[in-house]
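Next up: the same protein chain in two forms, each one alone, written as structure tokens (structure 1, then structure 2).
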Structure 1
Amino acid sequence: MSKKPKVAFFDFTGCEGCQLCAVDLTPEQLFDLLALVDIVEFREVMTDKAESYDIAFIEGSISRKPDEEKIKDIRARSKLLVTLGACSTIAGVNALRNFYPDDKLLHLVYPGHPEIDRTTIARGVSEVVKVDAMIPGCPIDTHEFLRVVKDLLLGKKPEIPTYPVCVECKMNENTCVYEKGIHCLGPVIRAGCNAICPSNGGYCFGCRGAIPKANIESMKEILQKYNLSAADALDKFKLFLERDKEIFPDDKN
């Protein structure tokens, strides 16, 4: 009988891309991982199931009533529960549906099909059950995933950066995209991605969530400095941060 920790993966409302990232490893990384844990349940790659788990990784937001019952059951059978990616951590792009009334949303997505089960607002997992650790991003970073797994197996609390993406941009010696007249959410977004989007000609769109105590006033000053619209910036925040009360303090959902 194996004494290795039992690990499981579960999916809710999401694209399941973060689960694929979790197994998109080099052969050496995969063998190292399997030497440390037993993957006992993972719909993407196996049909086996288990009664309990040492670590349960959750992908996807909670957006239907049955999801609440399922995640509570998984939580009750798991020693540790870890969110995997933006959708499970901060509700992700699924939370865009929260800006629409149910009737309008269903008409837009499923026109002529009133029998479709109604959804609820999209929520991050921590809004429903206790979460022990998180791996943010859309998709997750494989190296960060492996580091978090190893920290958990060692009994350590995984350290996720609390400083902004701007720090990593400066470390990479990037030209600030604001100098190019482009809105970027990097000043208030959690680092840990090595500023991958600004470093490759894009801008930060917030998939790792806001840093704790995000300085929104400073963000507004930056926008004013570069003569950029605060309204357009708020629209960019909506893509991933609809559930963040610091960004949208008046949200009653």
Structure 2
Amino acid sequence: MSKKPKVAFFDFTGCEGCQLCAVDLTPEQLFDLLALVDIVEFREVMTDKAESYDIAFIEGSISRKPDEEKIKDIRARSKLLVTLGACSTIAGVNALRNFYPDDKLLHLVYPGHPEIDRTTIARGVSEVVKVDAMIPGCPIDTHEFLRVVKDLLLGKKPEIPTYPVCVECKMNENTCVYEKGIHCLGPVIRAGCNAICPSNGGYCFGCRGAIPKANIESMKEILQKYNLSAADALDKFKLFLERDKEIFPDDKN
């Protein structure tokens, strides 16, 4: 029997893209990874199951009643539980549904199917069970995933940056997207993506979540200074940041 740590992947509400990113490896990387861990459960690639896990990677947000039971069960059988991607870390784009009251939402998405009523609001995994580490992003950064795996195996705290995307954007010597007349959430969003969107002609949507102690008030003022109304500015945050109570307090609806 192998003594290697047992690793499993689970998916909840999400597109499964982060699981694919996790194994988007060169053959050499894949062999190195498999030399370090045993992958014992991974619906995308195998049918095996296991009783317990050393590390469980969770993709997707918790957005149905049965999900809650399932994630609690996985938690109980896992030594370490790690979120994989924006949906499991901060509820991701799924949380857009939280801006609609249930009845309106179900009517909008499933017209003529009154029997469907099983969804709850979309939540990040940490709102339901204890989470040991997070790998944010939509999708995740494969290098960051590998680093977190190594850190966990070495007994190191898997740090993810607490500084914003601007740091990496400046290192990449990009022209600030605001100078191009485009709005960007980079100043308040967690780095670690190597500013991939602004470095490739885009702007930051906020998929990695807000940094701790983000100055949201100043960010809103800046968006307004660059010709966004207060409501439009708030809209900028909606795509990924519904669960951030600094931006959207619970009484938003």
Partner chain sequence: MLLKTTKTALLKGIDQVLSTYQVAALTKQDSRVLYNYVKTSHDIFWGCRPTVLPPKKFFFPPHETLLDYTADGQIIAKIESKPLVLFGIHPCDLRGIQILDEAFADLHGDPNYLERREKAIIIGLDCHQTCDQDSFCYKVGAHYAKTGYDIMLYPLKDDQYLVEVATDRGNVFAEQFLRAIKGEEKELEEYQQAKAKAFESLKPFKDLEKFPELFQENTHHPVWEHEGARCLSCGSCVMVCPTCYCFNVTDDWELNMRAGKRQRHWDACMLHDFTTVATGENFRPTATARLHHRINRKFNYLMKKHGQSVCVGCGRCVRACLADISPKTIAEAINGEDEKEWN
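Reference numbering: structure 1, starting with residue 1. Being a predicted model, the structure only gives us computed values, none of them experimental. The term rigid core refers to the most C-alpha atoms you can superpose between the two forms while keeping them within 1.5 Å.
Of the two forms shown, structure 2 is the one predicted in complex with its partner chain. Residue displacement note: A230 has its CA displaced by at least 2 Å between structure 1 and structure 2 (rigid core superposed).
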